[in-house]
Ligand code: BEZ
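Consider the single chain below, provided in structure tokens and representing the form predicted on its own.
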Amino acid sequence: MNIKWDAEKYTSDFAFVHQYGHHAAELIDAREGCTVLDLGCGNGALSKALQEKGFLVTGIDASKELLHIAKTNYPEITFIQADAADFSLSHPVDVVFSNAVFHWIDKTCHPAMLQCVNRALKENGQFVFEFGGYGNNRMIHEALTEAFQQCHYQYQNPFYFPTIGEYSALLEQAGFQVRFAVLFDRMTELKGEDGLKEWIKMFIKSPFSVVKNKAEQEEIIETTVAKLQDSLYRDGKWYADYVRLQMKVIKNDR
């Protein structure tokens, strides 16, 4: 999914995306000096955290806007612009890590992406990742569907949120052994009084391509926010109903 990010706003107002990634990074079981690829590195904040653990880190992302932030803030780390489903490395790495990326990639592209990851890893290398799992933001997407329908449009959910079983099968087909997998709720606080509205504007982009009128776009967003007032606005704060899929797998020794 090709998106032109507002990199500055993403970095300042949605820092929780990379902050939660620290939890997934704890699954990495590798010694200092091991090579790590941060796949979908974004603004590089997690790449830096991995480097501070003693790893030799390379970051890959498709967004030139986010990579500009990464290269500016962390010039000592190598960052490469490339598609997660079509990349290659000059030398294989010990670990491939990814946070909050794979749900952006169309389901049909995941086999190709997993093959790229497999080729990028050394034998018995680790692949550790977290992304949106089955049921992620269900309440938000249901409210958006209703708001689109009220304005006589069809809402197309652009994301891929698989179950553990579904994604484990894809991983095994790509030559990985699943060692750890968990699907869990993570109700996530959003920043500011307009937190949900700003979240929708940041992350729900392609469905609005069918709505050419800006006023109608705003109406849909306002209607969605109103529908979720009772369920996702608590004690003066907005929340997003995240569900995350976190996994650790090993490349098969063939």
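These numbers were taken from a predicted model, which means no experiment stands behind them. Residue indices: 1-based, along the sequence shown.
Same protein, other form: the form predicted in complex with the named molecule, not shown, and the subject of what follows.
Interface residue among 143, 95, 100, 113, judged by heavy atoms within 4.5 Å of the named molecule in the predicted complex: 100. With the partner omitted here, the residue from 167, 127, 161, 79 that has a non-hydrogen atom within 4.5 angstroms of the named molecule in the predicted complex is 161. Contact check for residue 208: every heavy atom lies farther than 4.5 Å from the named molecule in the predicted complex.
None of the heavy atoms of residue 175 is located within 4.5 Å of the named molecule in the predicted complex. Contact check for residue 135: every heavy atom lies farther than 4.5 Å from the named molecule in the predicted complex.
Of the heavy atoms in residue 242, some are within 4.5 Å of the named molecule in the predicted complex. Note that among 218-226, 59-67, 25-33, 199-207, the stretch whose heavy atoms approach the named molecule to within 4.5 Å in the predicted complex is 199-207.
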